[in-house]
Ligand code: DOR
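Below you will find one chain, with nothing else, as structure tokens; this is the form predicted on its own, and questions on how it binds or moves follow later.
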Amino acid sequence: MSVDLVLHNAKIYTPKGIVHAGLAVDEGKILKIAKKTNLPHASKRLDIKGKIMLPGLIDPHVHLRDQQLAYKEDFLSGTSAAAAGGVTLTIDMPNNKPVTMSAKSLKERMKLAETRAVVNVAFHSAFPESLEEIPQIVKQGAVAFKLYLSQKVGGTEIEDDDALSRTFSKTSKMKVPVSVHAEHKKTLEAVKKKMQQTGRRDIEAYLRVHSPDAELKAIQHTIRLAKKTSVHIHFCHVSSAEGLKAVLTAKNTGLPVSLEATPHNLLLSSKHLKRYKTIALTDPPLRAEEDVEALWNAFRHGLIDALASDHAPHTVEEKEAESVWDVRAGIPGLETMLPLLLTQVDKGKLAMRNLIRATSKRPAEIFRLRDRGSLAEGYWADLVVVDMKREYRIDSSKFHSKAKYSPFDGWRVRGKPTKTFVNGQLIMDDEEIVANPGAGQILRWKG
């Protein structure tokens, strides 16, 4: 028997732990994990030279832009950034131009991505104008719906509790999760009005508007509404100690909720925001050191379900303005997430098992991405080879993303993705994208 590819002489991170072995790939899937002598013949063999092989990262929160926002990012540049960062599957967000909020608009995005993406892409949809269209959107392939509580994106009236309850009830019947951006709209607007009336347009004013209290109120409100249904709520980029506590309390009572955090909220505080200025501005913003510490402790103990980059690219010009209210919030994170986290593993501050759980295993479970998220026989061969001896400085000018900026610019990291395989195909080799546009697959909901 001959297979398509054999990768040998690797330290493979499997569900049972790290094994020094090789891996046989056939028709895009892992056929066998074994010692070199027990691997089948292959059309192509590649020596991994003792480096560590991890499951490819599944990033559940990525803004790939394209369409009318292609000047910020497109499917090729965004998925190239993903491959360079060891991310083999991105879940796209719907706040695009036009907004992804119908079966038709979702189909159009999928068609574009199909010819451009070099890693696998799945999609969120915003809620449609009519709840009756929810089944059609799921049938088209959306793996989740996204609900923004800070502003209206899509068709649902976010300040109408009855409308939200009906939306949750309808979605629960389809068994897809709802990802929630939890910031309370009325709280944001009330504080922002006060800041603007007094002429405030500085970063400290922005922090007062996008406060931990606004996050906590939105989380608590969502949980109260979700209790009436069996809908799975996935809280995006939880950033505060109180918000974290509220979600964990809900989980402990048995509610179907999960949460994600971002590397920037785990590694940066509001002190960094004041130092790096608007380059580091994002929603929710960087928090106080006690919030960072609470998040880190939860992550370290396996209490955070998913790590997400919240990759939100803009032009450098959009990140700079005299008034903070004119700055576009968001930072690119696809190419920095894994190196930053591997550095914490190298320092002994994070167990590799918790890194893998939050970046591969749990995202696959939450969004029902079958046969993904682990290196195991029968699973898709989505994997990244990392060199834990490689030490270097982050340089955003070399990003594959169109967004050439980062609050992590100049940070020294240890642990570099050197090869990324998607569906058994080599996509990234030592920083170079070696696959053609369209090499990635469009993944659809398979509830």
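When you see a residue number, it is the position in the sequence shown, counting from 1. Predicted, not measured: the structure shown is a model, and the values here were computed from it.
Same protein, other form: the form predicted together with the named molecule, not shown, and the subject of what follows.
Interface membership of Y148, defined by any non-hydrogen atom within 4.5 Å of the named molecule in the model of the complex, is confirmed. Contact annotation: H124 falls outside 4.5 Å of the named molecule in the model of the complex, judged by heavy atom distances.
With a 4.5 Å cutoff on heavy atoms, H181 counts as touching the named molecule in the model of the complex.
Though the partner is left out of this view, H232 does not reach within 4.5 Å of the named molecule in the model of the complex, counting heavy atoms only.
Only one segment in the set 32-40, 63-71, 418-426, 381-389 has any non-hydrogen atom within 4.5 angstroms of the named molecule in the model of the complex, and it is 63-71. For the candidate spot formed by N95, T282 and H314, every residue has a non-hydrogen atom within 4.5 angstroms of the named molecule in the model of the complex. Site annotation in the model of the complex: the residue of P256, G155, P212, G330 reaching within 4.5 Å of the named molecule with a heavy atom is G330. Applying a 4.5 Å heavy atom cutoff to the named molecule in the model of the complex picks out no residue from 99-125.
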